[in-house]
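Following this are structure 1 and structure 2, which are two forms of one protein chain, each written alone as structure tokens.
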Structure 1
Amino acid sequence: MAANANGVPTPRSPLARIQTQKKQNGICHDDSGKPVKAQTIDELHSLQKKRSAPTTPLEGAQGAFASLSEEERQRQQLQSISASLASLTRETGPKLVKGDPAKTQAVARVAHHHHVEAPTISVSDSSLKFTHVLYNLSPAELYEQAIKYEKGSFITATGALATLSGAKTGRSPRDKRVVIDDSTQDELWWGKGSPNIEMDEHTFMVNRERAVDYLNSLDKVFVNDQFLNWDPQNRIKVRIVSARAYHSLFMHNMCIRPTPEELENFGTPDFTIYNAGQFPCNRYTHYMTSSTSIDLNLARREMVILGTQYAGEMKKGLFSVMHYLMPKRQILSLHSGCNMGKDGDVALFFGLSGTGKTTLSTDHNRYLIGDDEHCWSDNGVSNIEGGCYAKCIGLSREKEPDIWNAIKFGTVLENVVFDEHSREVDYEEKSVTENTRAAYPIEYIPNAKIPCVGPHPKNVILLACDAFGVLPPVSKLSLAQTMYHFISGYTALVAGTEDGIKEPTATFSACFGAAFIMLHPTKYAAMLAEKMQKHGATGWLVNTGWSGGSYGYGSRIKLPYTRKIIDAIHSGSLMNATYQKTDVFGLEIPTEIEGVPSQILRPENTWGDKKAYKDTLLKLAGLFKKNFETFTNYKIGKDNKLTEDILAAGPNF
């Protein structure tokens, strides 16, 4: 399991480059993609491949059913069997018959596939047919289905499956809806700042029926039965019904894969996704604002996807569900990375895009528990997922060797561009989107800890890339300060450069994942504080951004210095340092750290223009205060003391 058996230090990978594209104001800023400028699937497909010399002939390229005559296609559709759209089953969902209709029915399926009995044939009220389900297929089988039937699917030079997600190459947070009912009306976070946009039960059922009707009009669908959460006492059973092999392989990688024995005893899932993303919602349906709709019904434990084929909607939809279900069990759900030292010391890493969360949590001297989603229960920490979903833009073997080596057979590559002849991927190319992604099982990472569980965290590290250049490289936080900065979820992006202006833009995302949380942020913060206090964890604020001035004037803090800071946190040596308190934010900063110049530890020491430093500091403090106004009226505790403590931990000027 040790990543460095020979004791040779592995080159560190640099921090992610700061974003230079100005983002729209919204809930989430990490992976929402612009629609692709392509009018047809052929245009989109042409973006995916870079022509090489000699040019590979395209005459043989075929679409989903191009290898079959229309008569044969209709014959196969009629032969496929389904009674899932009878009136009764519209309320309960598809009843599905296992088997690939393209294969002879007499051919026995492989033993590891779960057997599903054929339902009794009944008359459908829509005069549609039975549907065949391809149940928990292996990656190899899913490759075959994708290559044969899904245009835009190719095997790359390293063996990964390259796919296209259609016009949507990122999540659509403004099209996500949650059913509001008597229960969720009081439980969930609604209103200003919340990611939860309401819809009613009736509209959900309209969309659900549209999705189920579409899935059952197909000659086959893919079904995955899998788990969430590596903690065996608190794992959740999920079922994903989808139309694409790409989506089935993606979820095979991202969820926890059951053993054949676990599949035999899987039973009724706790949550079901109906992914009919190829089919649009009806834009004239109440609450709809586009042809895309991602709908959550927590009472029915169901999710419906219409009008987007971006696979990340499934992953993050389930994460939202975990943010609702786990706190009911007094388990804290967290949007964080997590690793563990050889002595069992666990660290959590929170941070928005560009802060270095992936880079800093990936450490060859420590075991990786997970890169993105975790639970903290009375048993310790556990990864929610069974895989990793890594950004690929600018990927190189030198910067991210673990991710580079994980892109092999079984990995899904979304929207990448590759050489048409050699199938070598160009990770710098953004023709389709900048949000290119790789989804692979976590065991593809050499130092992953399997099972992905660990003891209670010792350190909670909040990462901010402060392009204003006024936050110190590291601060030790009190419990109230940890809650304040956790609720704030701050980082700074570099704005666009129109007219030569280079002005940082503050970004706040509550709990470092506002797009996915379901309850009020202070509830998660209170749970975090309770667990940190109970288990003796320490909070840290680490700035991976600028020093000596704002972006355009100062310089980014060197990665080796940040690494030394993180190492000092892991080792415990930073706990014994001498600390000084800063003005305005009231942060405790160490006077010295081995291997880090003492001058940079106090930001004002690195600025030549002290007045500019003070003005910029007050400007950022004002942005913090303005952002926190959303949360000031929310009471925690009977006497509201907890809320007052959090507010007092913010900037004071």
Structure 2
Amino acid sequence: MAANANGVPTPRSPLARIQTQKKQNGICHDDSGKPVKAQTIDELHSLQKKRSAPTTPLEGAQGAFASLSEEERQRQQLQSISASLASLTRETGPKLVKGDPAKTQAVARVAHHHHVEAPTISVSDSSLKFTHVLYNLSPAELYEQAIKYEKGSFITATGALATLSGAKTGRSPRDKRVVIDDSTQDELWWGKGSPNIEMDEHTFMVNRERAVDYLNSLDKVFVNDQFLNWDPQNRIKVRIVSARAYHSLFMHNMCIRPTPEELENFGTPDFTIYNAGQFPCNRYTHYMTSSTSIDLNLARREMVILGTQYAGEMKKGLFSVMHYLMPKRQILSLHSGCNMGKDGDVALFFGLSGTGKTTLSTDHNRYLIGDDEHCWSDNGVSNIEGGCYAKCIGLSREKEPDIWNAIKFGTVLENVVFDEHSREVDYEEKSVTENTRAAYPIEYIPNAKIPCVGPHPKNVILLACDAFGVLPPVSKLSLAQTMYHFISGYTALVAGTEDGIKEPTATFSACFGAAFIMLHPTKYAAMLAEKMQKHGATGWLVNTGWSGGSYGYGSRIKLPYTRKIIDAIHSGSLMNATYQKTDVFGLEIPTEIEGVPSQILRPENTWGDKKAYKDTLLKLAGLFKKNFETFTNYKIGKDNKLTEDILAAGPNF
């Protein structure tokens, strides 16, 4: 202890205060900026976020809700969601609160739900609890929800949200059911080959109640109010109620995003999805053959999802709805990609999963209209969606730069594997599934055409990934051949990822989308023929599959070659090429294309074993013939001539 001159210990005096105010030239700088306005930490944090649309009203907004107070508008919106979530047998609708339950302390806005005079037996505990609604959250908010509450959600090195879709990593077409009633019985395509497996109205209601009860049992649900179809005259309002931020972000990306003003005027949706994917269906329920059920009720304009979290089920479910609604308006719905050249020439890319719709429609030299779902009306083409859903397996920056660069903040990356530390994605890795996917808003592609509409198509490209290796890389089709191949909807993929698979399997899927069409295939085919004829479109068959032998012997046609072929179609140079006709399929093949080795244009040139080639060709032709048998009794279009021509346009041997 210090002592004074007299040796008496003195208590330690406090150190002199350091002066920070006066000193101008000292080494110790103080922050000379204005102090923060906040008095407390909480207040400081509250300054971080300023209130924004869509939860605040637009100043001076016009339209139906413009005269409403913000309070009233919010009340109506909650009431609409409450009606969506209402149990049909008990209370009229759950008590809804807007916002994250983790954040809302005081109950801010509660839906005023009118209890109808009902016997007490209809009252349940669920009517006493609150369900928080996370309404049209932004990608940033959805990231936070996913990362906090959903296991398996991570931010990758490029900022995408990596998620796991659970046990199901692809669609479940055998579990898709459609309600059969007096009108759908006659209107829809039922029976052999049809994707529409029937269920009755009552069973639908059982599953609907199951999904709604599940959703209402949660603390919070996500609600997306969005649009389908960029054609303003044929736009559909959709509402998606889901339990996961992953699903909400997926649909945010895949459907058309409303502006804040459009959202204020949204009103009642035209179609609603209840996605209770985490919760299974009850297998004691009539019609249920597994714990997964995807149920479509056209009369009620509703879809219920139980027992699968694969997000593609929602987008393709809505596509089915469009395949029902659009033809009623003389509009053709198309399972195709679509892009447009600088001169306004539009091309459609039809094809089954994995044949190249997304890859080939995403072309740095052309405007992207969409990668998967379109409409062709009297005004031209329009994309149904607001985003793309690209396969990621084997993705490379150099071969597919635009898709690569789209995998950034906001993009949902499903079922990919990444380095636990660097979070770099390994796009070769198939350990979760081969069907790894990226879902991103279409404007993430630099040359997207917004709004996603275009004039009538000039070229209709049918993509087939022929793992038999006998179809030419490209052939020019007559109208009858185009219809024959459109109705056939052929592709052959290798059966799986395991080695030892020698035989590719042929798949025939009418209109290149049998899983989604609702009417008989000839209805769509007749519309396509009529539109192609009227607008002078040319059909092409492009094999993006094997060359030089079947799977196991040959190899997949190099993507740069397929791109050169597609370039020659777009530029018009292939129209003027010299053609040779093949036997059996009677396909017209060009002898030369710039940038493509000529010998690969004729498949038989690339096969070492000519007999094996011929045998394989005849085998495939036989499969085509057998598949087409079911269509031979149908008339396509107005005159018999086209029907006869189509039948004659198949393989002859």
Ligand SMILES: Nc1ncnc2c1ncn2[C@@H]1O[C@H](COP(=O)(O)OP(=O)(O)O)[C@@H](O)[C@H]1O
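Residue positions are counted from 1 along structure 1's sequence. We call the rigid core whatever largest set of C-alpha positions still superposes within 1.5 Å between the two forms. Since we're looking at a predicted model, the values are computed, not measured.
J.: If only one of the two is the form predicted on its own, which is it?
T.: Structure 1 is the one predicted on its own.
J.: Determine whether the C-alpha of residue 480 shifts by 2 Å or more between structures 1 and 2 once the rigid core is superposed.
T.: The answer is yes, as the C-alpha of residue 480 shifts between structures 1 and 2 by 2 Å or more after core alignment.
J.: Taking 2 Å as the cut-off, check whether the CA of residue 147 shifts that much or more between structures 1 and 2 after a rigid core fit.
T.: No; that C-alpha moves by less than 2 Å between structures 1 and 2.
J.: Classify residue 558 as shifted (yes) or not shifted (no) between structures 1 and 2, where shifted means its C-alpha moves by 2 Å or more with the rigid core superposed.
T.: Yes; residue 558 is a residue whose C-alpha shifts (by 2 Å or more) between structures 1 and 2 when the cores are overlaid.
J.: What does the CA of residue 362 shift by between structures 1 and 2 after fitting on the core? Give it in Å to one decimal.
T.: Value for residue 362 between structures 1 and 2: 2.7 Å of C-alpha shift.
J.: How many angstrom apart are the two C-alpha positions of residue 44 between structures 1 and 2, if you fit on the rigid core?
T.: Superposing on the rigid core gives a C-alpha shift of 40.2 Å for residue 44.
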